[in-house]
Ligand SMILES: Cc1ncc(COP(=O)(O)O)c(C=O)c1O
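In the block that follows, a single chain appears as structure tokens, in the form predicted alone.
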């Protein structure tokens, strides 16, 4: 039978060599006579898998020193909340660009924990364009963007580089599809299911020195410092 191709905006086709290697690991990983999903996540064999994944991200995106790379649970939707708790100060204010369903959800999450300033929105035309000519007010804890919007088919071509606040981006739909300058960002996060692999993990790339400065108590498993440690 010929290979079926999936061109949907959701989970994507994986290379056949990846499927083959993953299938073999499910049966017998590294000749351990154990499955990959039966061994400890602290074992040297599994740690090597994670170390290799982190190293590949750093190589492909040229991640500079001072940034941590994590693979976490919860999808990018948990990333909306993780962003707020780790970067919005207690009683703080964050700026958001509203360009589609996912940025709208991120805004909704943030409003539960502080003040949100929507600097621009394309909702007036059902998100069929990317706003331009907006400004980011002083005093914002960070500026959040969603770089690509699969539901409405728009992408931010010219990434803004705010000079008076931190830049945070949800890149779930287009990470690894173009070159980016990681040092421009305080944090990048992205669900794996579009360009990296099967659904089930979320990539975070965080500038370490910016954490722990919100003045708020963060639940242990939503504190990025927990996972870096």
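Residue numbers count along the first chain shown, from 1. Predicted model, so just to flag it, every value in this text is computed and none were measured.
There is another form of the same protein, the form predicted in complex with the ligand; it is not shown, and what comes next is about it.
Task: Partner-proximal stretch of 77 to 85, 134 to 142, 154 to 162, 113 to 121 relative to the ligand in the predicted complex, 4.5 angstroms, heavy atom - done: Looking at the partner contacts, the answer comes out as 77 to 85.
- [ ] Evaluate residue 150 for contact with the ligand in the predicted complex, applying a 4.5 angstroms cut-off between non-hydrogen atoms, and reply yes or no.
- [x] Yes, residue 150 lies within 4.5 Å of the ligand in the predicted complex.
Task: Contact label in the predicted complex: residue 102 to the ligand, heavy atom within 4.5 Å - done: Residue 102 belongs to the contact set for the ligand.
- [ ] Using a 4.5 Å heavy atom cut-off, state whether residue 146 contacts the ligand in the predicted complex.
- [x] Yes, residue 146 lies within 4.5 Å of the ligand in the predicted complex.
Open item on the list: Is it the case that residue 193, even though its partner is missing from this view, gets within 4.5 Å of the ligand in the predicted complex, heavy atoms only?
Closed with: Yes.
Open item on the list: Under the 4.5 Å heavy atom criterion, name the residues of 149 to 186 that approach the ligand in the predicted complex, in sequence order.
Closed with: 150, 170, 172, 173, in sequence order.
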